[in-house]
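First come two forms of one protein chain, each written alone as structure tokens, so that there is a structure 1 and a structure 2.
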Structure 1
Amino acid sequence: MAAAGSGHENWSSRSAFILAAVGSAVGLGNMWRFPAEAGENGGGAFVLFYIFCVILIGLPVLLSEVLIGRHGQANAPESVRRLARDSNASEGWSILGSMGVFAAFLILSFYCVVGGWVAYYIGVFVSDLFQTGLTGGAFEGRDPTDIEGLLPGLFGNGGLMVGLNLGFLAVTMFFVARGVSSGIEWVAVYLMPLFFVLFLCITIYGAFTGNFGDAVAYLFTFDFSKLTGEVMLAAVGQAFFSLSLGVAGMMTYGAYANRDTNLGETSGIIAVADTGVAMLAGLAIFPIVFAAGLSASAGPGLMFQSLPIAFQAMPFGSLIGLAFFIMVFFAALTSSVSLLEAPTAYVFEKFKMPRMVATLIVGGGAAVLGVLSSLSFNDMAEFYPLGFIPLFAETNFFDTLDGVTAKLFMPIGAILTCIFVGWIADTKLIDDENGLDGLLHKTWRALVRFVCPAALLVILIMGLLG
């Protein structure tokens, strides 16, 4: 269905928009990146500061982004330009959207690498199902260190890494090429609800069998001395990454929202769902980590190495493991689709080309960067593209893209968004879109105008200075 006059597609219903936006937010950021970051940044202090960032910074910025999109009814740079024009402000503000589109493209490139790992684990559990059968635990008779070794084993195989990465990207491209309602929406509406049900079951199981108390203490004990500038920047970056903020994704999805959708309410639903899944992921993974005596700071390996060990001890372990990684695959897909959609919408609207061609161009670019990211785990492990910057010293290509986008692009994009929505754009136009009134509206305005930009600037500077 096309919106009158805008010539572009819209979501078919309000719930389709919510599911698509939640689908964008919930993904590898929650299941894989959140536990990894929490563990690497010392647990409790990071987690509580993260929650604080979601409420006081993420949520106001999220609403700002979707409302820019819905007002503009176009790709992100164009939506910002339209709001600027309607507010008699400089159209140069569209740089905010362009930066976001570029960042989304960068994230897409390494996101599909991790998507490839998920695909690999689906394969591992399928073959395990054949070997160990339906009822017993997964990996019968195999040593836990053996199971942990699956991921490094994959990392060592450059060709396989590249193949899986490109495969995941190709699936993403397939859905984006089909368009908003028949491609993107379909993935979200059918796959997200399934994901939630299965995920809840696994967390409950983990709670009863693992070291749940230790995990809760680890994740929620606030130790002020651990809250350094770097930890704060990591937390804010993770909040933005998880909510899909600062990179034009939510502006792009907001542009497909109907006029009668309440954006304030929708933003709240997205933030609650996303943060809920991140907490569940922490509570599913850390009890197992502690019970198995693994290191909490294992980083990116956490989801891929500790959960499979837990599946070993579960009845129907291979089946549950398989179901789990299929679900993560779907969650990742609904996110990668939004990452590809932001630059693709820009390219096909700007250059007036078919969606299909734009998808191929953007996807092709992401494939090139993706190969470099895949190889940074093996053949190119010693290549540190930004090694001269202390924050990125000894950081390989993959981690550099991840760090630059979450720790620079996202906070800077969010600061600009706040200044634009809070100070530059016409207040009446903004109030037409935000769906808030009374105290909530006042609070949101104050956060966007003062608290968010100031806090982000301080965190950014402290984080960069280490």
Structure 2
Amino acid sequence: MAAAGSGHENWSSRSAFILAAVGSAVGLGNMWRFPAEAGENGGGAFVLFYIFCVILIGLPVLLSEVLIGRHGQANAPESVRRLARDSNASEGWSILGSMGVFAAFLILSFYCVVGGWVAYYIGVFVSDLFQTGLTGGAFEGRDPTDIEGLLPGLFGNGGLMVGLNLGFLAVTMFFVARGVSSGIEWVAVYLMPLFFVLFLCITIYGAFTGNFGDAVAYLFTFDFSKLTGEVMLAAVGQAFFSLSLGVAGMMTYGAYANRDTNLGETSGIIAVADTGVAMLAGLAIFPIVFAAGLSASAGPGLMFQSLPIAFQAMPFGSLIGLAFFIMVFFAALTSSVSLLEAPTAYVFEKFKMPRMVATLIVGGGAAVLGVLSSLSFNDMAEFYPLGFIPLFAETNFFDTLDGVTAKLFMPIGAILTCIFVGWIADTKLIDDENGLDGLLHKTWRALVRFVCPAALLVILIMGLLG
């Protein structure tokens, strides 16, 4: 159903909007980055401060982005422009929407590379399942160093890396090209429930077969001596990135929300669900890792190297490993769909072209950057595109895209969003959209005006300082 006067489709229901927005937020940032960050930053101290940051920073910015989209009922730059015009402010503020759209495009191009890694491990566990059967541990008879070497082996195969990346991107494009109701919403309504079912099953499996007690103690024992400035900064950054803020996705999805949707309440549900998934990711991964006697501080290799080794010692290891990576694939896909939708919505609305054509144009551009990102692990490993800038002097193409978006576009976009919503946009228009009243409204406005910009500025400065 189209939104009145906008040509925009709407979500069929509030629950569809929530599932889609949760799917946008819940991705590799929860499944891969959160356990790695928690493992490297002291466990419980990091987790506690992370939850604190979600409430004080993530949620206020999330609500700000969604209400801009719902008010504008259009792509992100146009939604900002409409709110600015209705507030008698400069339409030049649309730049913050444009920055988000561009950031989403850049992130999509290397995000699909990591999505390809997930697809590769699905294939690995499917093959292993046929060899070992349902009940045995994964990779029977193989040396742990051999299992650990699967990821470096993938990195060394440029052709396979490119193929997996393009395959994951093609699946993402398929759903976005189908539109909101029959494509994006379908992914949310069907894949997100499947994701949560698999997630709960694997968490329960880890509780009974892994070292669940140590995992709980690790994640929820708060040793405040470990709450250093470095740990706090990591928690702030994780809370911000986990909710997919600063990349126009929430503005775009907010534009499809019906007028009777309470955005304050809905944003709270999204933030709680996203944080809950991050917590469950720790409770699903760490019991298995601890039971195998592996380190929690393995960093980014925790999911792709430590976990496959841990599955070797577990009953039904091949089956659970396969289910785990299918679950991660679902999470990655719902986020990549959001990343592609933001620039696609802009292109097809701005240039009045069919959605299919816009999807092919944006996806084609992402494919080019994705190929370069894939090759940066092998054939182009010594190509440093921004090597003349000290901050990016030794970063390959993949890491450069990651660094530019994470250290510049996302925090700057979020800071501008806070300034625009907190200080520039008409107060009555904002109050009509946010769904809050009383103390909650006053608290949210204070956070958006003062606390969030200050915290995001710290993220920006520390990121630039390396």
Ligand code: PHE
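Just so we're on the same page, residue numbers count up from 1 along structure 1's sequence. This one's a predicted model, so the numbers in the text were calculated from it and none came from an experiment. C-alpha atoms forming the largest set that superposes within 1.5 Å between two forms make up the rigid core.
> Pick out the form predicted on its own: structure 1 or structure 2.
The form predicted on its own is shown as structure 2.
> Spell out whether the Cα of Phe49 moves at least 2 Å between structure 1 and structure 2 when the two forms are superposed on their rigid core.
Indeed, Phe49 is displaced by 2 Å or more.
> My question is whether Ser98 is one of the residues whose C-alpha shifts by 2 Å or more between structure 1 and structure 2, given a fit on the rigid core.
No; that C-alpha moves by less than 2 Å between structure 1 and structure 2.
> Once the core is superposed between structure 1 and structure 2, does Lys350 show a C-alpha displacement of at least 2 Å?
Where the cores coincide, Lys350 shows only a C-alpha shift between structure 1 and structure 2 that is less than 2 Å.
> Just grab the Cα shift of Gly213 between structure 1 and structure 2 for me, core aligned, in angstrom.
That residue's C-alpha sits 6.5 Å away in the other form.
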